[in-house]
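Listed next as structure tokens: two forms of one protein chain, kept apart as structure 1 and structure 2.
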Structure 1
């Protein structure tokens, strides 16, 4: 972290009449994301009456205040929490570890690999070797932003929005991976297919992932993925290490 970053962040801005965003940095890095997740865990554990909810995103934490309560006191509380410790000191993750089967036959695998400057084969090898973390859940219910891939994976979104990717598709952009829960249009490149439902309203645990979870992908064949579609977590293995 450079000096400028230290001075400006954490930064507090208002979102609408009742939202407060605490930003920990201007770009997505492991350290900034860790700071946001740690701060989110901290405030979620002890929210006072005037704070209605909090949510972490990649680089920031959003808090919604009660406009019928004492907003001044709530803001003061947030400022005290920000000042209470150095959020940029690295903390251990939550110890939840997922291994998710994925078939790398997405129509844009070649394009994505080319943008990353490597072969398709190497792209698959790298994505299945790296342990990513859930940087945040968002956009759609339970949907993870997974990161971060090596810097050469900092490939842009497509210029236009692609036609729908299928449900449980694996897409890539900006050193991050997303597993789509439902079929949806996206500007990210579609590289693979999982059977992993991040969100299933009929499952005892509707939201599978939590921010901070470790996720690794394991290469599988198309027939294997098709067969796993009915498995509770699409054949994903899960363990808690600490």
Structure 2
């Protein structure tokens, strides 16, 4: 990303009567997303009394303010944090790394590969070779948007809707991958199946993934995936590095 693209960002936008949005760009790129996540982690570690909530999205951070407190002081603190460093350069990882088994037998793998201009075998090789990052969580509890794949994976959503894509499915569109939390309709193409449960209310930490986590997929057979359905995290390997 060049300087012309980022020179007006970050920008502060008011949202309703008690919120502000710190925007880091107008489109989703890995650099913009990482800047937003780094800023979110920074402010979350030291929020003053007048800031009640910080939530990161793909390109921005939402901050909810205490309307009964000193909003002027809170806004001044936010502006100071924005100016405190170059968020497009000073980026950090949360050090969490996952390897998730996946069987690439989804009904639309061939269609997705063709749109990307490659064979099914090349598609599997590329997806299992790349380390993606959790750009954000949304739509369903703990459901990750993972990116970014190479530019030729900027394939569109389908024109129609697949009505019942199963839980733990791996889907693709717009240079991103999603692991489905629940069985749901979608316009994204179903390319594989995992045993990974993004959300489990009975776990001490119900959400398995956090924004910023590194995720890589490891090819597995269908029988292996079926055998992992009751395993912790669906057989995913997890480590934290400094």
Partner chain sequence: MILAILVEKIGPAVTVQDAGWEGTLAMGLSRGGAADTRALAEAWALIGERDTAVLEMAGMGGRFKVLAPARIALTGAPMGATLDNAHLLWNGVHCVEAGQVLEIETARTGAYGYLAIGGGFVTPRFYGSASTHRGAGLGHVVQVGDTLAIGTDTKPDRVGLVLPSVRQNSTPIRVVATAHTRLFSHDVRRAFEETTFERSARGNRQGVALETGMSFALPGGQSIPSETVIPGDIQVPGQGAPFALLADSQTTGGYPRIAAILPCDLPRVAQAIAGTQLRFKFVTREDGIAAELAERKVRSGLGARCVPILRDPMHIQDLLSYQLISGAISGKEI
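What we label the rigid core is the largest C-alpha set whose atoms superpose within 1.5 Å from one form to the other. Numbering follows the first chain given and starts at 1. Just so it is clear, the model here is predicted, and its values are computed rather than measured.
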Original post:
Just one question: which structure is the form predicted on its own?
Top reply: 2
**OP:** Answer yes if the CA of residue 13 moves 2 Å or more between structure 1 and structure 2 after aligning the rigid core, and no otherwise.
**Re:** yes
**OP:** Examine residue 65 after superposing the rigid core and state whether its CA is displaced by 2 Å or more between structure 1 and structure 2.
**Re:** yes
